[in-house]
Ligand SMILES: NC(=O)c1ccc[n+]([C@@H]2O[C@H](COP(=O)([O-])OP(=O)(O)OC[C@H]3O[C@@H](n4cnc5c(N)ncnc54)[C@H](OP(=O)(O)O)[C@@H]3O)[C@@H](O)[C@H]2O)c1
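In the form predicted alone, a lone chain appears below as structure tokens.
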């Protein structure tokens, strides 16, 4: 039986999971591929991780040992970051080796270069594990829905923020202690910046948008906002309105151009994405061809991610040279639809001095910009009042022009809280 040697770059949580699955599922992989797929080499600098590598597998600290080994056909890069991961992937591809990676930041910034290098050298680059963990959304978009003309992607693509917002909605707790609890439980990193800022989700949306719309989208093209400004007060008001807070990645085709962003928002409690709680992820796809599809599952973790990596390994082994799925698939140049022109709905909470004429002034400023208020609730306090407003759909530029004027009013106290609303039915 033909043998296919695998080299792992990194033997941490995911890498060791891949090594374990290659051993435990060896027979299933042989049945799926007709070949003996085995772990040949591991590149690992940390001695404690080197000790975990199974007997019989060659351990090295030099990448040259990997790229120069003719018995290594597939290199699995799991070290993360931009460099040296980019150099390692490029060198592997130029040597004719296939590459499997979970490196979303690298792909969202240098995917075009890497995919072109794979194309030029007649080999493959697979990256299912780079977006939404074990959920096979990339395979579905690249293969199953290749001719479906997806028009909208809306997804919960970061497990850390989904855990935090789900916990806030369930317990009524504030953001800071909920983040601390998530760190204690292992759902958030010691430095959670990339997750809570929305950058992690933005990288994933760049990858998914590129595949779905067949036009290159990079991390720099995806504006992102984090969840640090979400308060327990707003979560409670949202709940009273039948809404659930989520950090969503939203990408859509508008007038033939792409708009891709990540932002916290409210969605109706009855929407399929509202029930995705904890560290789970889900992606909602829309097309005139199939209407709506939702893919759901664990978005992170060693074993789910390792499973996605193994799926890519099997795909590489089973794909004939010249197969189309190694290609970039970005054969269009659609351009980008400006955020200011996007029509959105908004939730607004603003604290004001409780005196006559304030509400009329605020309503007048919104009216001047053509912004229509759908509903308003006034909650009186000692000397101030909180106004909670929900708006009809409006171009974002008009809404934010009005908000800038309102924020500068002497009767306004503090910074108004603004949260977008998705899939909201105003009836």
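Note that the structure is predicted; figures quoted are calculated from it, not measured. Residue numbers count along the first chain shown, from 1.
Beyond the structure shown, there is the form predicted together with this ligand, which is absent from this document and is the topic of what follows.
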Item to check | Candidate from 39, 43, 29, 394 lying within 4.5 Å of this ligand in the predicted bound form - any heavy atom | outcome: 43
Checklist outcome for this item: Heavy atom within 4.5 Å of this ligand in the predicted bound form, from candidates 263, 347, 284, 88, belongs to 88
Item to check | Partner proximity in the predicted bound form: residue 103 to this ligand, non-hydrogen atom cutoff 4.5 Å | outcome: yes
Checklist entry - Taking the shortest heavy atom distance, is residue 22 within 4.5 Å of this ligand in the predicted bound form? => result no
Item to check | 4.5 Å heavy atom contact, residue 78 to this ligand in the predicted bound form | outcome: yes
Item to check | Interface membership of residue 301, this ligand in the predicted bound form, 4.5 Å heavy atom rule | outcome: yes
Checklist entry - Which among 46 to 54, 30 to 38, 357 to 365, 397 to 405 is in contact with this ligand in the predicted bound form, heavy atoms within 4.5 angstroms? => result 46 to 54
Checklist entry - So which residues in 1 to 31, when you check this ligand in the predicted bound form, have a heavy atom no farther than 4.5 Å from it? => result 10, 11, 12, 13, 14, 15
